[in-house]
Ligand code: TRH
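Before any questions on how it binds or moves, here is one chain, the form predicted on its own, in structure tokens.
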Amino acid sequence: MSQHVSQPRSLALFCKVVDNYGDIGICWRFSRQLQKEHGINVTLWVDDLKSFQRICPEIATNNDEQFVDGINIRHWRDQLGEFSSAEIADIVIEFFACDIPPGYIAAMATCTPQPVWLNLEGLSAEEWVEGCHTLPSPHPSMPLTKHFFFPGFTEKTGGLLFEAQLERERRQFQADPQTRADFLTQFGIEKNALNTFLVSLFCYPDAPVSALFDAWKNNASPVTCLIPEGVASEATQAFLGQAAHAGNFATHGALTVRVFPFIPQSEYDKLLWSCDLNFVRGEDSFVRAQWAGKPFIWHIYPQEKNLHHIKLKAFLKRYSARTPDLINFSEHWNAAAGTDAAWTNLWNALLNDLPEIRTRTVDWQHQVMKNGDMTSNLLKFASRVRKCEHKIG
């Protein structure tokens, strides 16, 4: 059997942006790791270049095709035209069940060998994911089979996305206080604020930010909250007494709120590494917070009929069994507790539990890292599928 058959070298990834930065955030990290660590030629099809540009300023929003960081980026405009077999990648991935162009699928069926077709699903800690990971789904009318690939938190899933050098880079950064200070002061953060309890806040619009601000204002110790421009704008503007633009800040009681620019994805890890507590949302920042070695609070993407509460509680069950105050705070933050929130009490309880939470954060990181990184796991699976289909053919 030829090396070409057993080792795919090209990959097409189709991404439709639903969550403004989570979807493209995952796909962009994934694409760069594929190219840099595995030498895969990646074509990334994206329908929303404006959201993409927020996390990668090099993106030109008017270009139909461009190369950034070695990745071929195509503006996906629901192309319904024909494709040739020569245009089809060895691996074709639809992210989160998006419908890729019918013409592309038709061309896939003409390829020899056929491409490995994967549906890269959203992250969930629910138990049913283990039973669905890598399941095949034959096409109803074409000689093609799609497989489901689920990232996850156990050895029976595809694991989480993390780069080979990420842990080394994190340790080096966090071991050098001056590096942290230099990173934070570029956003106008005063040196005296570096010794306060530092929080990064990234959430969806329905988060109870104003109520948390009130709790922080009355805190016994100073809190500095860093919010990217465009996030929690209404609550932030009310606190600041002025527009929530980058560079604006205000202090009331023990709380200082500072708005900073929406930083590129390549710098976001450093922000997580720099803070004492990180509020994250969706999937991309949620995963990065788990690699930061710091306590975090997750704001899950809202779904109809509160289905997201099931996913939230499934994760908290795996992650927070020994830290009930973290569970209680997280459920109230996501309106999943079923009771009214007394935010001062919730915050004080969380602070008291922080030593245990920090320990759990490190233990969890080691636990999930044993499952391997998602990108390598996916490529190994794709190679196995390609070998099997070649034997059958």
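Predicted model, so just to flag it, every value in this text is computed and none were measured. Start at 1 with the first residue shown and count on from there.
Only in words, not in the display: the form predicted in complex with the named molecule, which the text now covers.
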Please determine whether Arg170 contacts the named molecule in the model of the complex, using a 4.5 Å cut-off between heavy atoms.
no
Heavy atom to heavy atom, is Thr224 within 4.5 Å of the named molecule in the model of the complex?
no
Is the gap between Ile263 and the named molecule in the model of the complex 4.5 Å or less for some heavy atom pair?
yes
Does the 4.5 Å heavy atom contact test between Asp19 and the named molecule in the model of the complex come out positive?
yes
Using a 4.5 Å heavy atom cut-off, which stretch among 128 to 136, 251 to 259, 67 to 75, 200 to 208 contacts the named molecule in the model of the complex?
200 to 208
Just give me the single entry in Phe315, Tyr301, Phe148, Phe183 that has a non-hydrogen atom within 4.5 angstroms of the named molecule in the model of the complex.
Tyr301
Going by heavy atoms, what in 266 to 280 lies within 4.5 angstroms of the named molecule in the model of the complex?
Tyr268
